[in-house]
Structure formats: C-alpha cells, structure tokens
Ligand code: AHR
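Heads up, the chain below is alone and in the form predicted on its own; it's given as structure tokens.
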Amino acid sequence: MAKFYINPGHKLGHINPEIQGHFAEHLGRCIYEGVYVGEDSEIPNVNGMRCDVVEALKELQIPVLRWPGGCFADEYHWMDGIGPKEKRKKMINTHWGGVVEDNSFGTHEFMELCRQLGCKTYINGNVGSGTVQEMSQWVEYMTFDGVSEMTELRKANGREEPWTVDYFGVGNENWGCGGFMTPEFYANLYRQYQTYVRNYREDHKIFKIASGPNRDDYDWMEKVMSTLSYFRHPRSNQLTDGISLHYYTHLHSSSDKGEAVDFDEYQWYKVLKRTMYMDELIKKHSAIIQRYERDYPVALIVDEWGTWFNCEPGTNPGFLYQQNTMRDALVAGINLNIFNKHCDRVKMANIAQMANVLQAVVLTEGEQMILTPTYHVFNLYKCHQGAELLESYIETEEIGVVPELMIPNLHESVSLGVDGKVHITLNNLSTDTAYPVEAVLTDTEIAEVKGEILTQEMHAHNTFEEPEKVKPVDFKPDNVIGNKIMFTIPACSVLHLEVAMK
C-alpha cells in the first residue's frame, strides 16, 4: 500500500488561477468553427461566439486566454481586424494551411469572447514583421481613455470604453517562426518594443512577457535574461514581468510525432516520460532566471504546452487536428501537478489549444461539440485555482516496459482551496495496474471526503458518435478513519478528492 503524506498546516505557495490558462490561435478550426461562427450562423451564438463552446469553457472557469498566436502573432497586423467586417483586409495564413484569413475575428471579437468567458486577456504582439509604432498604437487603441487618434478610432468602431489588457507578450518564438533571431538581437528588440507597451491607467499595470526559449534551449534563456538585466536603467522599472517557455510532448521526431489514437504500451510510457521532462525544464530555467532578476521575481510563463501528434488522417496537415485519449488526460494531469508544485515560479500556463487544434479541450463538427478527456481533467483540477499549495509526498514505484522509459506509478499535487477544503489530485500512470493508497493528513481530523475520477482504458476517447465514453464518475474511498483515507486508484486514471476537515 502506497503511503501518501499531506501536511495541511504547511503552505508552500500560492497557485495562480492563470496556471490553468488557455490559448486560441488563428490556426485550423480553433477560432473559426471552434469558438467563432459569426452572427449570421445557424449555430446558436451570442455576438458570433458559439453558445455551446462558451458554456462548456465557462464551466472550466478559464482564468486567462492567449491570442492571436503563436506563430500567427508575428504576421498579424491588428488594424486588418477592426472596422466593418466586409471591409477588413484578407490575407493568406502562411503558417497554417495556406488558407484565407478574412480577419472577421479581431480585437473587438477577442475582447467579446473574453467578456463572455469572464477571463483575463493575454495578447501577443507582432515583433517579427511588425513595428514599434504598430504595437504601441494597438495598446493605445485597446487601453487609452484620453484624447487621441487611436481612442477616436476605437470609438468609431463601436467601443466607447477602453478594455483591460492583463498580459502582453512582446513577440512569440522569436528564435523560430517569429523571426529566427539570435537571443541578443531579440533581447535588444524587446527592450525597445516593451518601452511603448505603455500603462495608460494608474490603477492597472500590463504584465509584460518576453519571448523565452523552446524546451531546453538554456542558451536562449541565459542570453535574453542577461541582456535584459545588464541594460536595466537604474531609475526604470524592471524590463520584463515574465518570460515564456514552450514545450510540447512529441512521441518521435518533429517530422513524425506519432499517432494520437493508434499507439501501444511502449508509446504510452514514452509519452508520459517525455511529459515529465517539464519538471526538469522548469527547475533549470528557473535557476537561470533567478540569477538575473533584480527588483522582483520574473515569472516563468509556460504559454504553450501539451501533446503534439500527427494530425488525423484526411484532415489538412496545416490544421493540426488530433484526437484526444486517456493518454492526453494523463499528460494534462502530470503537467498541471508540475505547475502546481512550481507555483513559486510558474505564474501562468496556456494549453495548446482551446478547440480543434492539438490537445484541445473541445472538438466541434458543424453544430456538434464534444468534450475531450483533457477537458474533464481541467474540470477536476479547477479546485486548485487560487489555492495554496500544501506540502505532500507519496511513495511510488517505477513502472514501464523498458528500463530507459521507467516512470513513477503515481503523480500528485495537493492544495488548500479557497473553499477551505483540502484538494488532492492523483494520477495513476499505469496502463493496467490499480494501486492501494493510504493518505494521511497530519494533525487533522477528517469530516468528509468526496471524490470524482476519470478512468478508462488507455485508448479511450470521445467521438461525435459516442460523445460520453470518457467522463468523470463519482469515487468513494474504501474507508476514512481519523486522519486517514484508504482507497484504491484504478489503472489509467485521474482522481480528485475533496477533503473537508473538522
């Protein structure tokens, strides 16, 4: 029996709600058909936003949404997406599928979507092909309430009051699709561009995010942070509030990423092993950040993460549409546990992506919508939003099919929620073995335990023909005595236990 120790009296840090953030790019059917169908669509919508998708996403209590990219951000010119839709400039989406982008979803539409979701806004600016003036005017258009050409333009387009921009990314993947820059060159561009991401409100400061590295490119992190630190003006504010990190879980190489549904046990463990690499990445990048931060901590923003497999057969390869199985559910659970454990440094994370792209939480087809296993994991984990991370430890054993891909059988994180209850999220990473667990809450007397679990065989996924094959069910522990909870966690599962204390 695995011993699981939890200390409700020892808080280790605050879990930002934004750790469970999302990402919507102009890529494939994420925006168009996914969340936005237009006001004239026969699909029920409010101001063009799909009612079914919005309601599903609201259930997750989405804290923040990143837009418009991704690679698309560094070819996006925001003025093409404002004004009467019939007059908006059309363009070819050269990054994703070579399809026509009609810009019918722009700044006003994004802000409307965030209003409907009740979430914070994270906008990525164009450094790769844009100008300082363009970025500066975009911030002014969105947030300034004084007398200016941009303010008048916003009002002429139907928005009297300014919006709130919570987070602003100065470029995206500038080591790659955002301009193939050197770290020193980007860091100096960042210094220039961020200067003009102005705070027009005394009561609100835009959180500025620098474009950080891909996975284990520690040289990029080192040189960007060094440049930003070295050139800090002694009377100015710190140049950046956060720096991003991107890490996708692939099965094989970048050209052959493996199949989303047709996989064997070896591939199951290989994917989960690669997912757990996130923990090492956060530790090593955090150590670099710590050496260079000055006035206050620089947050690590994991604003692209998730599985990236080969697209589904018969779909546009530039649309990155993939199915979503219990393996994806475990990837989500592992990552969210890791982010919780590193809440002292990771202040936001954004799964890629919201709908119909990569590890999506919802899939749509015409009027139909289904919830993926990943959606259900986010629903189980929303209890951690705004909670306090608790000290915890679980005994594990190594499992797998080959020595080089061994992983711990169990993976957890625990928090004290805003509701005053202890919330335990525990993953069983085995494909076929259930494990008995004894959870001990130190110096605590338990009043009540409620549980929900997501469990199925490893290939299980939801389809439009069978939309509820994978969904959470109630879970009851075997026994609760004093400060102990005894239960058996099934193979291939994600469990949430809610513990009320006397």
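One-based numbering along the sequence shown. Not measured: the values here are computed from a predicted model.
Here the subject shifts to the form predicted together with ligand AHR, a form of this protein not shown in this document.
**Student:** Please identify, from 152-160, 395-403, 201-209, 242-250, the stretch that has a heavy atom within 4.5 Å of ligand AHR in the predicted bound form.
**Tutor:** Among the listed stretches, the partner-contacting one is 242-250.
**Student:** Mark residue 358 yes when one of its heavy atoms lies within 4.5 Å of a heavy atom of ligand AHR in the predicted bound form, and no otherwise.
**Tutor:** Within the cut-off, so yes.
**Student:** Just checking whether residue 101 would be counted as a contact of ligand AHR in the predicted bound form - the rule being heavy atoms within 4.5 angstroms.
**Tutor:** Residue 101 lies outside the contact set for ligand AHR.
**Student:** Hey, in the predicted bound form, is residue 71 touching ligand AHR, heavy atoms inside 4.5 Å?
**Tutor:** Close contact exists here: in the predicted bound form, residue 71 approaches ligand AHR to within 4.5 Å, heavy atoms only.
**Student:** Indicate whether ligand AHR has at least one heavy atom within 4.5 Å of a heavy atom of residue 31 in the predicted bound form.
**Tutor:** Residue-level check for residue 31: no, no contact with ligand AHR.
**Student:** Name the residue from 96, 321, 292, 168 that puts a heavy atom within 4.5 Å of ligand AHR in the predicted bound form.
**Tutor:** It is 96.
**Student:** Please tell me which of 352, 298, 363, 422 lies within 4.5 Å of ligand AHR in the predicted bound form, judged by heavy atoms.
**Tutor:** It is 352 that has a heavy atom within 4.5 Å of the partner.
**Student:** Taking 268, 378 and 427 as a possible spot, do all three reach ligand AHR in the predicted bound form with a heavy atom inside 4.5 Å?
**Tutor:** Contact check failed for every one of 268, 378 and 427.
**Student:** Output the sequence-ordered list of residues from 4-32 with at least one heavy atom within 4.5 Å of ligand AHR in the predicted bound form.
**Tutor:** Heavy-atom contacts to ligand AHR in the predicted bound form: 23, 25, 27.
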